[in-house]
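Just one chain is shown here, as structure tokens, and it is the form predicted on its own.
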């Protein structure tokens, strides 16, 4: 546990330094628990998520970095690799392809990349996966944009 705390403190310091360097990711550690983090990530440009800000919750296990963090979307998102109700993310690096070289910041980067390049063949959200698999990209983009507007964009007025 001491090793994981030291690693998380190191990442915390790096996040403080990189705040300006990476405007797409705002990673914040819980004040009372180094094993709980949240992130705000910007939807990638030229995707239906563009203009949206999505909140992620990180639960970091004690054996970290030997085990991956549990990450889920708190913001609703229409994406084939994200469970619509729970926010669970299907991403290989969070499961069997994890490496201790990954950091919480690089996990955020990988999630942004997944948003831009959905994998419709392993869907957690079958509705969005089916739209993409059937070639209805326009339908998928329309639904994803609608949910981005409803859940991930600041309300006007």
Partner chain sequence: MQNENDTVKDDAELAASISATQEKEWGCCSVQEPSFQEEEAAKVPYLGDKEPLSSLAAEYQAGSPILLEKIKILDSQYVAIRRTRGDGNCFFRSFMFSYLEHILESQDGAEVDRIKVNVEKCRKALQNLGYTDFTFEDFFALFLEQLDDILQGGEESISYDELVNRSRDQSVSDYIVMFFRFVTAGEIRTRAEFFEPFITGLSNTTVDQFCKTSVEPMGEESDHIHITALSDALGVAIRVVYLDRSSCDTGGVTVNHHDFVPVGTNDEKKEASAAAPFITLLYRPGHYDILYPKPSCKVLDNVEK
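Values in this document were obtained by computation on a predicted structure and should not be read as measured data. Numbering follows the first chain given and starts at 1.
Same protein, other form: the form predicted in complex with the partner chain, not shown, and the subject of what follows.
- Note on the partner interface in the predicted complex: the residue among 40, 90, 34, 57 having a heavy atom within 4.5 angstroms of the partner chain is 90.
- With a 4.5 Å cutoff on heavy atoms, residue 64 counts as touching the partner chain in the predicted complex.
- With a 4.5 Å cutoff on heavy atoms, residue 95 counts as touching the partner chain in the predicted complex.
- Interface residue remark: residue 45 is not counted as part of the site for the partner chain in the predicted complex, having no heavy atom within 4.5 Å.
- Contact check for residue 130: a non-hydrogen atom falls within 4.5 Å of the partner chain in the predicted complex.
- Candidate site formed by 69, 136 and 138: none of these residues places a non-hydrogen atom within 4.5 angstroms of the partner chain in the predicted complex.
- Residues of 95 to 120 placing a heavy atom within 4.5 Å of the partner chain in the predicted complex, in sequence order: 95, 96, 97, 98, 99, 100, 101, 102, 103.
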